[in-house]
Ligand SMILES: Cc1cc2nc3c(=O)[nH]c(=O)nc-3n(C[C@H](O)[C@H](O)[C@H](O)COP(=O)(O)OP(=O)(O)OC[C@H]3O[C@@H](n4cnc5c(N)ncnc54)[C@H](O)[C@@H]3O)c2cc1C
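One chain comes next, on its own, written out as structure tokens in the form predicted alone.
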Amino acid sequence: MSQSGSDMMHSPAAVSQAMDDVTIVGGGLVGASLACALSGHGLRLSMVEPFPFATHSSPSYDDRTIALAEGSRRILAGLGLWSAIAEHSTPIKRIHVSDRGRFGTATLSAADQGVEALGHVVPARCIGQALADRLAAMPDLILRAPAVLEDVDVGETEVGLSIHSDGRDMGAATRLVVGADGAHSQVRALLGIGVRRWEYGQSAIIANVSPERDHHGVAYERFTDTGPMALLPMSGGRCALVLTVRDADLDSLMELSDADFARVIERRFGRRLGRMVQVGERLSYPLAYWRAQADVRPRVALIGNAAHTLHPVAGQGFNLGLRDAATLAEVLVDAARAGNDPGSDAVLRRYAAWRRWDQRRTAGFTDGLVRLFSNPLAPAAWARGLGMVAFDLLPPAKGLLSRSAMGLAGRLPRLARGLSL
């Protein structure tokens, strides 16, 4: 995402003598977004990231994408980043939902909701580049990359950190540690925070594909007997594929030729977009729903995948993590303005209480969809079909679901409402 660690250190000798206010462990998209949101508000910031930040990667057919909800677009706009990302984005004008082999479909339309787009599909590298460029210009951030957090020592007024960087061990102190270091969070492990985990027995295959016909900005969510699949609109007529498969079938599907894999997509999706004329590189990962047993501990907060990981159905994972970052930024900036300790129990309790409803609602929605559409019994299938028909005829229901899908439901942080911190 950016330059080497030595190039990204801002006045280390001067800043290292003072305790940091916030140390973000993990420089991925969620952690970097939090750093950008906190910058310029009088807080001393540092970031620990185990990988060097790479810059200016070239676009390719196999660019991995993120489906940004409208609320997430507003957050990035509030950070001053959307203008650099927008030209690489593809708007989602409509969402089409179907159940393979069953009657009934449902659609959500941007025009019906009075918005330009329900969301945007953006290459992850473009978001990363915009964040990296901003991090490189932040004078109130010490970025240690590559560096590894090796230990934490939580005290009453500060947290001691043991960090390995450039072949040497170093110590640092901070008032608050934010674990933004992903599903295999080192912060979570060092503090002994357990996770509650539910396995689906499924894996996701992701790839970019090119259909014969133009997608016209429509995102397709189709439920099949092996799990949901999604085709999201991309530039150049491409679609981003997320195909859920049974774990037992994964290896055989990954070993298929591109032509044979294209036929698999066509059988499961149908010919709405014609034949699949090109299939890019395939990657896979196991699917599970889990959440940390605690989002906050004394002087510690977890955000993004360090706190929760969702099934990719409905594409809510990154959007939920970005709302974590926007909410935590607001709570910390408000505390700084009031002269309060950013790592105090009162500050962290406010963050945890604010995020609880959104996290539970989003996790419950995605998990419920998977379980509902995985039920093969005929009565359940008929109920699903009737439900989709009824939903498609009820504008108020569409409005409620659209606002939820766009990340605009419930109590929103200022950035998600289009306001500055």
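From 1 onward, residues are counted along the sequence shown. Worth saying up front: this structure is predicted, and the values here are computed from it rather than measured.
FYI, the form predicted together with the named molecule isn't displayed, but the following is about it.
- Put simply, of 78, 317, 342, 227 only one has a heavy atom within 4.5 Å of the named molecule in the predicted complex, and it is 317.
- Interface residue among 123, 233, 211, 312 relative to the named molecule in the predicted complex, by the heavy atom within 4.5 Å criterion: 312.
- Not displayed here, the named molecule is kept clear of residue 174 by more than 4.5 Å at the level of heavy atoms in the predicted complex.
- Contact check for residue 119: every heavy atom lies farther than 4.5 Å from the named molecule in the predicted complex.
- Although the partner is absent here, residue 182 lies within 4.5 Å of the named molecule in the predicted complex, judged by heavy atoms.
- The shortest heavy atom separation between residue 34 and the named molecule in the predicted complex exceeds 4.5 Å.
- The stretch that touches the named molecule in the predicted complex, counting heavy atoms within 4.5 Å, is 203-211, out of 251-259, 267-275, 334-342, 203-211.
- With contact defined as any non-hydrogen atom lying within 4.5 angstroms of the named molecule in the predicted complex, 285 is the only contacting residue in 251-289.
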